[in-house]
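Below you will find one chain, with nothing else, as C-alpha cells; this is the form predicted alone, and questions on how it binds or moves follow later.
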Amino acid sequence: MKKFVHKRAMLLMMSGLLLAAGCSGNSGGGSGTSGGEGGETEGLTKIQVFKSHMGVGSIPDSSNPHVQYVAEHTGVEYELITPPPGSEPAEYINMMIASDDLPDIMRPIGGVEQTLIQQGGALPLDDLLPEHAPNVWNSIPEEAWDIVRSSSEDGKIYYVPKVFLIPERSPLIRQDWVEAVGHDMPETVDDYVELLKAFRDEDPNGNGKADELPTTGREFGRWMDHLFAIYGVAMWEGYPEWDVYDGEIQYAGITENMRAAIEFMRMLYEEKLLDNETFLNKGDVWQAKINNNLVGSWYHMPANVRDRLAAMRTQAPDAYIAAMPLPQAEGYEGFVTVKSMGEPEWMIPKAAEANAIASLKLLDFFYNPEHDEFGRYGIEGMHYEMGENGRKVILPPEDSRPLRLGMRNLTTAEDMELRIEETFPEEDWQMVKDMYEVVEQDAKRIAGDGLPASVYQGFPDIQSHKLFQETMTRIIIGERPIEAFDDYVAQWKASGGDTVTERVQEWYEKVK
C-alpha cells in the first residue's frame, strides 16, 4: 500500500523545501492538473482532492453527472488529482510539495503527513471538524481521535484517520484444490506443509503440468503475511509492525517469533513449496499467477477477490476461495494483524487554509448517512444498473468508465456486508461472508495500531525496513545462514533501533 522514498538525498531536499511550501500563503487549489486557478467558479468552489492507487477507470471532469450531483448538494466541485500511471506516488507527492503546488485536501503517503506536521505545513482541524464536518467528527470513534492527537507534539488533530472495524486482510486458500488433493483444512504447521506438498505434486489445477505454486509472495517479502502470522509476527503487507512481546511493545522484526517464521519460510523455499520467484515478483506478476490458476495459498483482502475469482474460473469453473484458519505452530500464538484506527486518511495543507471549509464540506458529504447509497452506487448507467430483482448492481471497472468519487474510509461489519452484496454475484455472497467469519477468529488488533511515523525521525533506514528486508530475503533463499538473523538484530539496535524503541514505548504509555 504505502512505500517510502528511499533516496535520502531526495528526502532531505524535499523536507528543506517544505517549510516554505507550508507557509507560503498559497491558497491551495492551484494549477494542479487542471491548468486553472482554484477558488470560486460559477458559484462553486473547486476543490482539488489528491489520491493515489485509483485502479481501473477514467478521472471524471466537471461535466460528469457524479461531480455535478456532489456540487449541487455542497456547492463544491470535486476535482480529482492522481499520480500519472507508472509513477511512484510518494515521489509524486513530494514533488508537489517541493514545487509549492499543493492540493486542497490530500491522502498522505509514505509518512509525508509527519513531515508536514513537523514543518508547520499541516492545518490543525480540532476546531474546524466539529463545525464544518460534523458527520466526520461524530462517526469516528473518540479512541481514533486520541490516537491522531498522539501523533503530534502539540496534541492537535492534523488529519482524519482511516477506521476499519473488521479484519481487512486474510490468509486465503483454494478450497477446490484442498478437496482435489483429498486433504482437510490444515490444523497444524505440519498439516499445512503436507497440504502444500500435495499442491506441488498432485496437479490440483488439473492441467497435467507441474506448474502449481503452493504458496507465493512478492518482492521484499510483501504480501506473504500468512506465513509470518502463523508464528505470531505482527506484519502489515510485509512490513514488521509493533506489538507486545515479553511484556513490552517491540518491533516484530527482531523477535524470536520472526526468527522462527524466517526459518520456516527458508524450509518452504528449499522444498519449492514457496514460489522460488517470490522475491522477484512485481505486483502484476504476483497477481497474474493467482489469476491464472497457479497458486494454492496466498494473503490478501477478501473483499477484493471478485476479479481474481472471475479470472480463475475461465480455467477452473469450480474455483472456490476460502479463508484459511491459521495452522498452529507449537510454542507460538498465531494471529492475523489488524490495524483498525489511526492511519492517516485525509489532511489539509496549511497552504490550502483558504479553502479548508469547502474541503471539509466535501468530505462531510461522503460521511453523511443520507448520502450512503449515493456513495456506494454512484450514478445509474454509469456506475450501476438495476438487476432483475430490483437491486442495484455495481458495474465492473473499465478504463473508459468514470471512477466513483468517494472519500469515506470508515468500514463496519454492516458496511462490508453491503459491499459484498453490491459487488459480488449472489452465488458468491456466502463464500466471501464466510471468509470474514473465519479470519475474525484469528484477528488481533496490534498494540502499535496508529503509531505515528514521527518515531522514526532521524532514522530513515529503520523506517524503511531495508535492513530487515535484506536479511530476511537472503536467509530465506539460502544465501545466508539462519544465524545471520542474530547479527541483523544487533545491527538494527545499534543503528537506531534502540532509540526508536524508546520513542515507541513512550508513545504506547501515552495512548494505551
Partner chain sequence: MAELSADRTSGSGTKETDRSERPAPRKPGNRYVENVRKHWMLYVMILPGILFYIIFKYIPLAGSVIAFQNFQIFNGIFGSPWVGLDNFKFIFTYDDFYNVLRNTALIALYQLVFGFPAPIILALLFNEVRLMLAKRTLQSLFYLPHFLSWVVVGGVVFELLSNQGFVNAIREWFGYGPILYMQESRFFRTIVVISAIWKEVGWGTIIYLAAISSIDPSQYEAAVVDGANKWKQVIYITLPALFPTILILFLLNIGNFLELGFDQMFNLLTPMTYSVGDIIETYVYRAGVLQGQYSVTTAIGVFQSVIGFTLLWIFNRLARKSEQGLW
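Numbering follows the first chain given and starts at 1. All figures in this text were calculated on a predicted structure; none of them were measured in a lab. If you superpose the two forms and keep the largest set of C-alpha atoms that fall within 1.5 Å, you have the rigid core.
Although it is not shown, the form predicted in complex with its partner chain is what the next lines describe.
Of the candidate stretches 134-142, 182-190, 277-285, 260-268, only 277-285 has residues whose heavy atoms lie within 4.5 Å of its partner chain in the model of the complex. In the model of the complex, its partner chain lies within 4.5 Å of some heavy atom of Y456. Using a 4.5 angstroms threshold between heavy atoms, I97 counts as touching its partner chain in the model of the complex. Using a 4.5 angstroms limit between non-hydrogen atoms, G120 touches its partner chain in the model of the complex.
Using a 4.5 angstroms limit between non-hydrogen atoms, Y320 is distant from its partner chain in the model of the complex. Not one of P167, T412 and E437 places a heavy atom within 4.5 Å of its partner chain in the model of the complex. The partner is absent here; in the model of the complex, the one residue of A329, A90, L360, L405 having a heavy atom within 4.5 Å of its partner chain is A90.
Proximity to its partner chain in the model of the complex, defined as a heavy atom within 4.5 Å, singles out one entry of T115, N205, S297, T255, which is T115. Residues of 465-486 placing a heavy atom within 4.5 Å of its partner chain in the model of the complex, in sequence order: K466, Q469, E470, T473, R474, I477, E479.
Remark: with the core as the superposition reference, the CA shift of Q118 between this form and the one not shown reaches 2 Å or more. Put the two forms on the same core and the Cα of I348 is off by 2 Å or more between this form and the one not shown.
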